[in-house]
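First, one chain by itself in structure tokens, the form predicted alone.
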């Protein structure tokens, strides 16, 4: 037996559910999840309950509190961290941790697509693969990662691509950074070149909303933007484009003193800088004060803006070219 230990932090989600008359709900504790790993490794697993909620209930404040718990475990000597979490918002929590944490040890999130009482439950296999990843010191350089179906995905690129399939997660822009085979990690790619961590971090206190662009949209919703909204992320079409009528409203928001960040609703790729002209093009929007999210997805751009503004950072350095 070694003195090294892995901390298992449980947030809830499908992996922790039990059957009920009105549907599966999170009930299993971190101790119960850790018990499924008994005898699989010589490394001790120390369980800790953080939340017992479904992932749609996870908020940025939960993400902040989870980041604080991860820091506590690292300071307490953990050689790695495994976090069990619902899959619906796992990519968002993973990226929030990348914004908020330094990772001198591996930090791994995992979960399940099928509940424990369903045929072919994938939770135990995902948890074992996550433990193997968290036990590999070299994975610390990748920042927080998602491990599902024996694939390791970086926070910057990972997304839940399918709503019900067991192999639900993918990284369309790059693919997995590693595989887990026979209990060991097989690297495929080096760590992402960009550093996601913000220069300053603080609890989330700002409100940032996300607007998804569709054909024919005008500025009706933007014109009615409540004063309580501090900033806006726009998921534009293609390389960062919006209908002309919507463009006028977004520019008015910027001129009124609230940041607007332009991202793309596409699954991969980045916001263009200087290819297209005309009203609603990326050239028009960026020259009018909108800020590019680069290659970040709309969901992750929202979190970056939310936590960055909450920490007192200005929008331009939050989305400096070298980090997006």
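Residue numbers count along the first chain shown, from 1. Remember, predicted model here, so these are calculated numbers, not experimental data.
The following text describes the form predicted in complex with aspartic acid, which does not appear among the structures shown.
Of the candidate stretches 86-94, 149-157, 227-235, 176-184, only 86-94 has residues with heavy atoms within 4.5 Å of aspartic acid in the predicted bound form. Interface membership of residue 54, defined by any non-hydrogen atom within 4.5 Å of aspartic acid in the predicted bound form, is confirmed. The shortest heavy atom separation between residue 14 and aspartic acid in the predicted bound form is within 4.5 Å.
Remark: residue 131 does not count among the residues lining aspartic acid in the predicted bound form, judged by a heavy atom distance of 4.5 Å or less. Residue contact with aspartic acid in the predicted bound form: residue 113 places a heavy atom within 4.5 Å of it. Using a 4.5 Å cut-off on any heavy atom, none of the residues of 165-199 reaches aspartic acid in the predicted bound form.
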